[in-house]
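One chain is shown next in structure tokens, namely the form predicted on its own.
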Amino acid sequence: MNKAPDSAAGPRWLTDEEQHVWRAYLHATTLLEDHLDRQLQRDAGMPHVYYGLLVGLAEAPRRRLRMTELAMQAKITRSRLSHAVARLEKNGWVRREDCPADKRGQFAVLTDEGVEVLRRTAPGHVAAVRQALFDRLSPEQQKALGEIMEIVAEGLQPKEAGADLPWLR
């Protein structure tokens, strides 16, 4: 429904232009995520979210992060992370280690096999990202998109205690 607001007390419906932008965003992000997911499934047998976890670990000091930090970085629930890490462990790409400072905490650690999977998979993934997104945009559009996405992400990650964020669930 795309009605302008009738009163200050009623819903703020999207204007026709806002509705157009919103649906274009949904359409593009759904297609982009599917495109990247299919490329990674074909090339490495893993979904895009698993690839992101491996990259996060590869970029971390000593290729390791606490599970809570990895969930925050990936913007996923701890339950979803635990399931994903179990699958990555089964493939031999990640292992868990207990945290010596916190008996309840665990580290996810990228294995040498995980590094090798990234080394083999990254060129195709970068090519897919470049082809699907960056090659279609001018440098100015790329900069604007980055700025817009930072504003949106910042607004969805409140700093106050009790915020309802995936990695806190």
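Residue numbers run from 1 along the displayed sequence. None of these values were measured; they are calculated from a predicted model.
If you look for the form predicted in complex with a further copy of the same chain, you will not find it shown, but the lines that follow are about it.
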Although a further copy of the same chain is absent from this view, report whether Ala101 comes within 4.5 Å of it in the model of the complex, heavy atoms only.
-> no
Applying a 4.5 Å heavy atom distance criterion, does Asp135 contact a further copy of the same chain in the model of the complex?
-> yes
Heavy atom to heavy atom, is Arg66 within 4.5 Å of a further copy of the same chain in the model of the complex?
-> no
Is Asp34 close enough to a further copy of the same chain in the model of the complex to count, meaning some heavy atom within 4.5 Å?
-> yes
Triple contact flag Glu18, Trp22 and Met149 to a further copy of the same chain in the model of the complex, non-hydrogen atom at 4.5 angstroms = yes
Those residues of 108 to 130 with a non-hydrogen atom no more than 4.5 Å from a further copy of the same chain in the model of the complex are Ala122, Pro123, Val126, Ala127, Val129, Arg130
